[in-house]
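Consider the single chain below, provided in structure tokens and representing the form predicted alone.
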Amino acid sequence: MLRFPDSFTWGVATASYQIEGAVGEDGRGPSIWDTFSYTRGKVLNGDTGDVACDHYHRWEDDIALMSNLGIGGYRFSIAWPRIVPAGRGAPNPAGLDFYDRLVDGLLEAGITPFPTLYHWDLPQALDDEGGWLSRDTAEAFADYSGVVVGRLGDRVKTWLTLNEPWVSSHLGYGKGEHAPGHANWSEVWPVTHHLLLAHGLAVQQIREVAPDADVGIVLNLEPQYPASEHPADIEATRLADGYWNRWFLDPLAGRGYPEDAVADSGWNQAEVQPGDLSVIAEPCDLLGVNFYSRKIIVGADLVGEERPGTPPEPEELTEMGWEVYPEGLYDILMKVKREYDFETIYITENGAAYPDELVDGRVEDDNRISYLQRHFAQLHRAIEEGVDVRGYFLWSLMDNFEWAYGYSKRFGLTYVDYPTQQRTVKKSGEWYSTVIAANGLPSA
């Protein structure tokens, strides 16, 4: 048996726009994801989050579902446009009331809430004023954070500011694959800076409102490996790590932006004002790590040329086309331990999409169980070697709106029949429940 620490938190994760629905109810304002999904051709099959999993109305049933599985922690996100519909200004009482009820319901069920304050659903009104290209959005986020923590901070003791700022900046502004749908690579760097600034300002605000709270940020970290030992591959891998991992870890750790990647990007850092880097480096209590896959990097001047070695072909892919590489979880955790001083870590997302089918009331997703078993083993290995990981949040509690893929990809432990909103726990959900009960898994 691979046993985990006695105080280890086994949880699940979701995000507001992906599950809540009720986009026009109780004073919620539109978000950039409403606008993006309503734009023809942006989301597969024209899907939107208008209804999603109807969690806004079914939250009590979903808490009962988690309770039956033995879930110890629930990482959810709070919809900024539900709290402050215009992004700034007077809060919406009905929005605060919803999360008030949710938190109380979780605590009554013995489930610890781990809210994320921003999981990509920026109020459309702020995007109309420049979105994350505007420094004002960072300040508005801090104000919104103070409102939420002021209401819930007497019961919620751990807060996460941003989810995956890499995705917000690179896919939302650089590639246009996510809201707000820009495709201008030069926007990535100022957007990234304003996101990180928003995090730092929010940490300061949360400290004022709830001094005893634990605060952190969630990054999607990904180990980068050279395709060979050729110097061009090694150099390209160093830069890739700079763009993906160090661009966020370094300023959070007080080192500023990585000089090699900044020089390669051509960003002149005009948006960085005096004192900004100190704000971004405001000490955190924890780091959330989202892990899904790895990258193998080929040097630009080796593309198409004879190689000194052959890069390995992926042996296994999820339905997202992501390589299954559990060792990468161990490697990225050891990198963080070796190179930084983030003492406490949570795995805030990890999971896989597979083409699940409901047959005779069952979903036999053995592929997902295999995926999780192997990742848990690598997580246990990292903990045994001194990485202080306090909990694991599986993505996701239930199938949901998978951003630009709409409802075509299923990550959940629970199968959702969208027309009826019927929830069916998959075989992987039953298996995860046994892991939680044992606080470990068989070593085999």
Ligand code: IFM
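Numbering starts at 1 and runs along the sequence shown. What you see is a predicted model; the values in this text were computed from it and never measured.
Omitted here: the form predicted in complex with the ligand. The next part is about that form.
Remark: none of the three candidate residues (F8, Y74 and H375) comes within 4.5 Å of the ligand in the predicted bound form, counting heavy atoms only. The partner is not drawn, yet in the predicted bound form one stretch among 109-117, 221-229, 187-195, 161-169 has residues with heavy atoms inside 4.5 Å of the ligand: 161-169. Residue contact with the ligand in the predicted bound form: F393 places no heavy atom within 4.5 Å of it. Contact annotation for E402: at least one heavy atom lies within 4.5 Å of the ligand in the predicted bound form. Taking the partner from the other structure, the ligand in the predicted bound form has no heavy atom within 4.5 Å of any heavy atom of S428. Contact check for E349: a heavy atom falls within 4.5 Å of the ligand in the predicted bound form. Between the ligand and the residues Y330, Y99, W267, Y292, the one pair within 4.5 Å by heavy atoms in the predicted bound form involves Y292. Contact residues in stretch 18-45 (any heavy atom within 4.5 Å of the ligand, taken in the predicted bound form) are limited to Q18.
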